[in-house]
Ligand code: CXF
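Here you get one chain, nothing else, as structure tokens; it is the form predicted on its own.
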């Protein structure tokens, strides 16, 4: 891999990353970005044009940041399962769309009215923008910020877009679009972090890590001595296991059909593993002397309403089930005996972003990482170039990743 500087317009810098492909007679494949301060950015992005198709990596144009917005040069993007939900149709969003919502990078340019951020600042994107002024934000629930009503619209807060491809407007997932070396986002989505935090690790706390950790610590309210089950040990589930461990859980049952994930789960804090909820029932009953699990966190890739009866079966009296994973958008039926809720006081609650606060919890988790208490390194099982995004998601489908990360060369 090499970098070539080429002449551009006056006041512009063009840097091209070129890779010599020996299988193509030494021909050059180029991935370039071009930026004029205050002007258009020419870069590339992974775009989904239709459901059930591959991501298309192709050139895009970015408008400069407007009121309250910043242009960020990304260093890395996590490859979250939520982006896969766009491909499968389980998550509905306007198409075409630039994917990606776990991003970390460096502010390159700020628009009018931006406060608290300047060029050169290192930032992590919180996938739910937090305005700090609406009733949920004012009461400490910024994960439910009223700006969330705009997040799946794919446009900026003013109703317009900054991303364009093939001569048309392109939406961005959760108003972020981190499957690109550059993006324009609202300042409400940015959390400033210390410069010495590796950005390829920091990107994970923008969604999966905070969501999983918060699902245990906040939504489930895991207490010292609790018995906890985590169903699904991907990026969210592995973080939920770590959150339960840090909260003082006595036993942590990691449930996943993929052998690799069951093998890695003890390194994150799991004390027992099982391949399915049904298989886990006898194990949990034995290890807890029939008490079952005080807290159960659902972190599967795609949830199923038909599983709720079995999930409540591994839940203790007065136990709490936290539904963090996405269910298909059109799923409307759930199989569960509601007598469990009345007679045994079992609880089923939902959680978005782990019921966490981007302004306080993202810096907190990165401090835990610096102190060696939160393992982000082991969660990254593979890294990819942007052009390999489809291979990265195939690896996820094949159970080869806890979390894949796209790396953008500086």
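Positions refer to the first chain, counted from 1. Remember, predicted model here, so these are calculated numbers, not experimental data.
Just so it is clear, the following notes concern the form predicted together with cyclohexylformamide, a form of the same protein that is not shown.
- No member of the trio 242, 270 and 376 reaches cyclohexylformamide in the predicted bound form with any non-hydrogen atom inside 4.5 Å.
- Of the residues given (368, 352, 348, 57), 352 alone sits with a heavy atom within 4.5 Å of cyclohexylformamide in the predicted bound form.
- Interface residue among 180, 249, 80, 124 relative to cyclohexylformamide in the predicted bound form, by the heavy atom within 4.5 Å criterion: 80.
- The stretch that touches cyclohexylformamide in the predicted bound form, counting heavy atoms within 4.5 Å, is 80-88, out of 219-227, 80-88, 109-117, 137-145.
- Cyclohexylformamide is not drawn, but in the predicted bound form it has no heavy atom within 4.5 Å of residue 176.
- Residue contact with cyclohexylformamide in the predicted bound form: residue 207 places a heavy atom within 4.5 Å of it.
- In the predicted bound form, residue 295 stays away from cyclohexylformamide, with no heavy atom inside 4.5 Å.
- Put simply, residue 101 is close to cyclohexylformamide in the predicted bound form: some heavy atom of it is within 4.5 Å.
- Of the residues in 303-326, only 326 comes within 4.5 Å of cyclohexylformamide in the predicted bound form through at least one heavy atom.
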